[in-house]
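Just the one chain here, laid out as structure tokens, in the form predicted on its own.
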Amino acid sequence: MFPLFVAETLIGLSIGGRLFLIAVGLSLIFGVLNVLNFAHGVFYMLGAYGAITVSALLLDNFWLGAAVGIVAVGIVGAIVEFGLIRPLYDRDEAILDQLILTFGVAMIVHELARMLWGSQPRSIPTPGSLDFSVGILGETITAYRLFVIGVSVVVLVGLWLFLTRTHHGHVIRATASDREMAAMLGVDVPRLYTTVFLLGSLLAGLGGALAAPLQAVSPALGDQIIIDAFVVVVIGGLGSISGAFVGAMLVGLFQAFGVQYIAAGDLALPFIAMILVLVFRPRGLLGEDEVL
């Protein structure tokens, strides 16, 4: 019983690591730009497809393929923000317009992905350098899953240090708190917004690229993952980096244990947790903290 508990815990944490990488970008973009980016899921999907396409068809190197895919997703995100979302910031119903627009972008990218890669799921082998098992408390887990967990922790710490210990991080937090005042003090707010949207998109691409060896990749992946990402940020607190991490790990554990002990528990438990949070703590578990 105990080895099974350890195994499911480790699997849940690895799922949570992948969810954190997309949810933290979603939360970062909302916290600074106040944009609910419904296209964030297809950015994750593009990161996975980019890693598969470049590494399997062109370079036969997962790490280089993942890097190319991540950068490509970041560029796509910056173009979407600069060309489509930026003109909407000053509208009276900006949040609703942005949500509708990014939903439209998600639908377009979904269809383009289906045209380019087809509807059949694709996969890629685990990179050889991490294709071995590690024993932990009497149970084994692949080194690659541990790597994904480690990356999520590194991203959490790195973002925290960047936002709280650097000049650019302080500027981002100040702009998130008061956009007009930041602009009066000389901050190039439109450029900063594009940079933050680029960073959030890069994180979504990173999550997708790292997920490629662990799950089937299809155009529907973006639709599936954005739902999980919204559940994560609602539980943790929309706009909170640490909340995104806590929420992602909880959802990952719910999915890992739920499928073992409850029929459809992997689907039901995260939504039950989200409902309870919305009822008893609407701002999320860590939503009362300062933005970011």
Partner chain sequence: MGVHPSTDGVEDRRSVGATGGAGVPLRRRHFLTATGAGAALGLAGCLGGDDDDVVTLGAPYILSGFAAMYGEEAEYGVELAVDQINEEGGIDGQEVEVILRDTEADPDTGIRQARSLVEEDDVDALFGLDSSAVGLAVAPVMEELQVPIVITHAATPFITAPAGVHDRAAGNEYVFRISNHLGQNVHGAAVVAGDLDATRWTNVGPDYAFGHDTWEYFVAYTEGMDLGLEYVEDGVTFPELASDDYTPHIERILSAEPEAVLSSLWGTDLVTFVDQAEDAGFFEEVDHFLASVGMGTELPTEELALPEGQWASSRYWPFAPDSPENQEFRETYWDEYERLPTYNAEGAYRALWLYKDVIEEAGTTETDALLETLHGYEHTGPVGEYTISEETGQAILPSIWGVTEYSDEWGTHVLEPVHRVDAPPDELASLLDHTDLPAGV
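Positions refer to the first chain, counted from 1. Since the structure is predicted, the reported quantities are computational estimates derived from the model, not experimental observations. Whichever C-alpha set is largest while still superposing within 1.5 Å between the two forms counts as the rigid core.
Just so you know, the form predicted together with its partner chain exists too; it's not on screen, but the next bit is about it.
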Answer key, its partner chain contact in the predicted complex at 4.5 Å (heavy atoms) among Ala66, Ala39, Ile225, Leu46: the residue is Ile225
Answer key: of Thr195, Ser177, Thr164, Gln215, within 4.5 Å of its partner chain in the predicted complex (heavy atoms) is Gln215
For its partner chain in the predicted complex, the stretch among 149-157, 67-75, 116-124, 200-208 with residues bearing a heavy atom within 4.5 Å is 116-124
Checklist entry - Even though its partner chain is not shown here, does Thr53 get within 4.5 Å of it in the predicted complex, heavy atoms only? => result no
Can any non-hydrogen atom of Gln260 be found within 4.5 angstroms of its partner chain in the predicted complex?
yes
Please determine whether Val171 contacts its partner chain in the predicted complex, using a 4.5 Å cut-off between heavy atoms.
no
Even though the partner isn't displayed, in the predicted complex is Leu59 close enough to its partner chain, meaning a heavy atom within 4.5 Å?
no
Once everything's superposed on the core, is Leu64 shifted 2 Å or more at the Cα between the shown form and the other one?
-> no
